[in-house]
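Here we start with a single chain on its own, the form predicted on its own, put down as structure tokens.
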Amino acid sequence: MERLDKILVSQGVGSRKEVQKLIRSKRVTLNGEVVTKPETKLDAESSEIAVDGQALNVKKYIYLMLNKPQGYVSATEDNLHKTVLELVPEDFKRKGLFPAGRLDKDTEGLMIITDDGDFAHRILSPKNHVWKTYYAELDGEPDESVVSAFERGITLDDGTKLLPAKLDLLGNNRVRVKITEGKFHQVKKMFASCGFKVIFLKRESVGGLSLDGNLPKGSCRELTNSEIAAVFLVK
């Protein structure tokens, strides 16, 4: 059960202040009856909500793009560190939100936050081959032998065999790497196994979805339907 005003905000009807004014102005109905209390609790999926007589097609799930800054952990809650969910504006917050995948505390860039578990699983499952693209700066200049090692699939010091990855050399200790997995510290461990330390790391895209260049660090916005679909387009 969720508050009526929160549901209306999550559907893009307006800000919290605006939707509360709509409700108190008797412009919102719930199952055909006028409701005037913003705090009214209801089950959005089994209720009919209308604004000014126009039925609202309540979205079952929400999909957000976050431009993650450094200093936040990819978790729903943490007793020691700030979490990425703390960056989600109040208007987008709803029960069950979580980051679809993780970025290290000192890694920045594209992160998808949602409450759709199946969607997240499709992104994270290696068998679906959803490429995650990262830009990295290293403490040295890799050569074609490192590119070949990535293509074969890196084996970590603990024996973990990683799937083949794509590595583009950009010069001046800069690279772009694509992986379909998301193991703990994976990109850093891959380069470490080849003798390099990652100095800076940023995720640029997930599948066919690229980070919005106009989205400031620490900000997030809702994904469009075409962007949601783009996630599963292999680039």
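Note that residue numbering begins at 1 and tracks the sequence as displayed. Here the structure is a predicted model, which means the values were calculated and not measured.
What follows is about the form predicted in complex with a small molecule, which we do not show.
- Heavy atoms within 4.5 Å of the small molecule in the predicted complex are found in one stretch of 181-189, 206-214, 27-35, 54-62, which is 181-189.
- Distance criterion of 4.5 Å from any heavy atom to the small molecule in the predicted complex singles out 201 from the list 167, 49, 66, 201.
- Comment: the small molecule is not present in this chain, but in the predicted complex one of 91, 115, 78, 104 has a heavy atom within 4.5 Å of it, namely 104.
- Mapping the unseen interface onto this chain, residue 134 counts among the residues with a heavy atom inside 4.5 Å of the small molecule in the predicted complex.
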